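For reference, the chain that follows is the form predicted alone, supplied as C-alpha cells.
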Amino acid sequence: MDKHSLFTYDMLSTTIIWTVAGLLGCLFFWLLGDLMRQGIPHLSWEFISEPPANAGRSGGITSILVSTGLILLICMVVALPIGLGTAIFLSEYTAETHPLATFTGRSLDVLASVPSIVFGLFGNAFFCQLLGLGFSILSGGLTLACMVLPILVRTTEQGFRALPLEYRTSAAALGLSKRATLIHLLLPAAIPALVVGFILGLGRAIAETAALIFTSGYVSRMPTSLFDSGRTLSIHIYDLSMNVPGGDQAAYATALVLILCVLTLNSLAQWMAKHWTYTRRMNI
C-alpha cells in the first residue's frame, strides 16, 4: 500500500471516529437540553427539600433522594469488596485457562446480559421472601449489588490482566511477597479499571427501575430504617409519567436531578481516583 492510500485510509478512519463521537455527543446534549427545557421551570430549592405531595404533582423529592442514596450505598458497600476480591482471585491467583476461571467468567458474562426484571424476581423471592426482608431498602440494595457485580468484576479483572508481567516479576526479584505486590503495586495501577467498573455499575444501579419495583417498593415517604420500603428516582419518574395525570413536569424535573446526580458521582469518582493515584506516586 502506497503513502497516498495510507493517508486516505487514515483520514477516512479519523473522519468516521470523529463523526461517531460527535453523534454521541449531540445525542447527549439533545437529551440534556430537552430535560433542562422541560424540567428547569419546575426545579427549585423547595423541590429538593420537601417531600412529595398530591401523588408527586406538587411538593418535592427529598424522601426520594434519601431512599435512592441509601439503596446505592448498600449496593456499593456490598458489591465493591466482593467484586474486587473476585477480580483479584481470577486475575492473580487463577490461570486464565483454568476451568474455574473459565466457568466463572462465562457465568459473569451471562449474568451481565440477564434482564433486570429477572434480577427483580430473584431479589423478591430470595431477599424479600426467603430471608424475610420484605419490600425494603435493604432488599433493593442487595438486589442491585447482584446486578452490578458482573460488570464490576469483569472490568476490574481485565484491568489487572492488562498490567505488564514485569510488574510481578520485578516485585518477586526484589523479594516482595504476593500480598505486598498486590497492595503496593498492582492495586494502585489497576485503580482506573476499578473506577470504570464502579461508574458503569453505579450508572446501571441508579437508573434501575424494574428490579426495584419488586424489591424496594413504591412508598414515597421518608424512610426511618433500612427495612422500610423506599422509592428511588427512577421509580418516581416512571410513576409520575405513567400513573399520575399531570405529573409530567415533576417527572422532567426529577429526571434532570437524576442526570445531575449521575454526572456528579462520576466526576467525584474520577477525581478521587486521580487524586489517590497522584498521592501514591508522590509517596513512592
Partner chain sequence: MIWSNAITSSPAKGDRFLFHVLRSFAGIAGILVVGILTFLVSESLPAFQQIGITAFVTDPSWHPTEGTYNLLPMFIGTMYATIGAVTLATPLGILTALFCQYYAPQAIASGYRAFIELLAGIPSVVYGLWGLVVLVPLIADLRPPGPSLFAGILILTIMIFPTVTLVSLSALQQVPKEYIQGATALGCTRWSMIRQIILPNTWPGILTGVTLQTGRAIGETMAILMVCGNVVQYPSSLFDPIRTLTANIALEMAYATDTHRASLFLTGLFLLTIVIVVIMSTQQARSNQAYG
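Bear in mind that the values here come from a model prediction, so they are computed numbers and not experimental data. Throughout, rigid core stands for the largest set of C-alpha atoms superposing within 1.5 Å between the two forms. Positions refer to the first chain, counted from 1.
Below, we turn to the form predicted together with the partner chain, even though it does not appear here.
Taking Ala210, Leu200, Val77, Leu187 one by one, only a single residue has any non-hydrogen atom within 4.5 Å of the partner chain in the predicted bound form, and it is Ala210. Look at 49-57, 23-31, 220-228, 62-70: in the predicted bound form, residues with non-hydrogen atoms within 4.5 angstroms of the partner chain sit in 23-31. Proximity of Ser241 to the partner chain in the predicted bound form falls within the 4.5 Å heavy atom cutoff. Proximity of Ala162 to the partner chain in the predicted bound form: non-hydrogen atoms within 4.5 Å are absent; the residue sits far from the partner. Shown alone here, Pro99 lies farther than 4.5 Å from the partner chain in the predicted bound form, counting heavy atoms only. Put simply, Ala251 is close to the partner chain in the predicted bound form: some heavy atom of it is within 4.5 Å. Contacts between 67-104 and the partner chain, taken as any heavy atom within 4.5 Å in the predicted bound form, involve Pro81, Ile82, Gly85, Thr86, Ile88, Phe89, Tyr93, Leu100, Phe103, Thr104. After superposing the rigid core, the Cα of Leu32 is displaced by 2 Å or more between the shown form and the other one. In the core-superposed comparison between the shown form and the other one, the C-alpha atom of Ile259 has shifted by at least 2 angstroms.
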